[in-house]
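As structure tokens, one chain now follows by itself in the form predicted on its own.
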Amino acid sequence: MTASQGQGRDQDLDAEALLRIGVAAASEAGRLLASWRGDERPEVVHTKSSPTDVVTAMDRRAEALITSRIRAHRPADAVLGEEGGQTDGGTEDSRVRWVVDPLDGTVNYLYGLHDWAVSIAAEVDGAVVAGVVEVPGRGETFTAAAGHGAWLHRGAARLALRCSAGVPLGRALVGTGFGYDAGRRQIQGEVVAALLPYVRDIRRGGSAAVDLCSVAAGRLDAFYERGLNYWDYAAGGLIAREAGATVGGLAGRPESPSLTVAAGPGLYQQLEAVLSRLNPERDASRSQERDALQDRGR
């Protein structure tokens, strides 16, 4: 390989260049989703883990649009989508994979609530280097490229993001979410009830991607959730990190479907310690099974 060829390959893997592709695709998908103005809710075409875990026709249309836009720029890359699974670009040469949640917060979307998002992350050699979370209901776009900080775009304004700092657990506003499996929900409710006396208050927004961006923006002091999928936190996790937050799991493990926690560094340790004590052992086997399935999808 010549020096110029090597330089060209490095440019192909540039985080900010990948981010621009993701931002354009997320923006177009956001406009598509926001264009629905029917008197009735969008058609539910499929359910996944439970009757309340729904997929709409708009989820599928948005993912198809995002995949086509990415392929137009980078046909060799792999794409992991919530609805379509993983598709490869027909070559083993690409080191890039796109992780796509075309509509995070589908139930919010169904009910006309604002907190739903398009989430797109780009990996290079398995590490997330670029992420965008488009929130059309609020007219906001959150972005990050590894090593370049996290940003909120609202109209023509571009604001640097920084997570809240120096907040003790007792004064922390903490976001969380619930799964769709009835047994998991019951356990999650028990954990929330036990955690509530330790914190200022709890919020449940309905979109993990938006919640992670809210940590980045200081709108939430912390966020945790068990049972997320990789596409739920890939982009939002990078945005929170680039805003100074610590993102991970329990006992020094990385974030995963077992648990994802995001908070400012000092608060993270306090929240992680409490969650470790509250972590129900009876849910461990299900978490391990889910982790194994997730690892196979990567």
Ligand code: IPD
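Keep in mind the model is a prediction, meaning the values are calculated, not measured. Sequential numbering from 1, following the sequence displayed.
The discussion below concerns the form predicted in complex with this ligand, not included here.
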Query raised in the report: Using a 4.5 Å heavy atom cut-off, which stretch among 155 to 163, 138 to 146, 201 to 209, 121 to 129 contacts this ligand in the predicted bound form?
Result: 201 to 209
Query raised in the report: Quick one: does E134 come within 4.5 Å of this ligand in the predicted bound form, counting heavy atoms only?
Result: no
Requested in this report: Tell me, yes or no, whether Y111 is in contact with this ligand in the predicted bound form, where a contact means a heavy atom of each within 4.5 Å.
Outcome: no
Query raised in the report: Heavy atoms within 4.5 Å of this ligand in the predicted bound form: does G105 have any?
Result: yes
**Report entry** Contact test in the predicted bound form: D232 vs this ligand, heavy atoms, 4.5 Å
**Finding:** yes
Query raised in the report: Within 170 to 191, which residues come within 4.5 Å of this ligand in the predicted bound form, counting heavy atoms only?
Result: G177, F178, G179, Y180
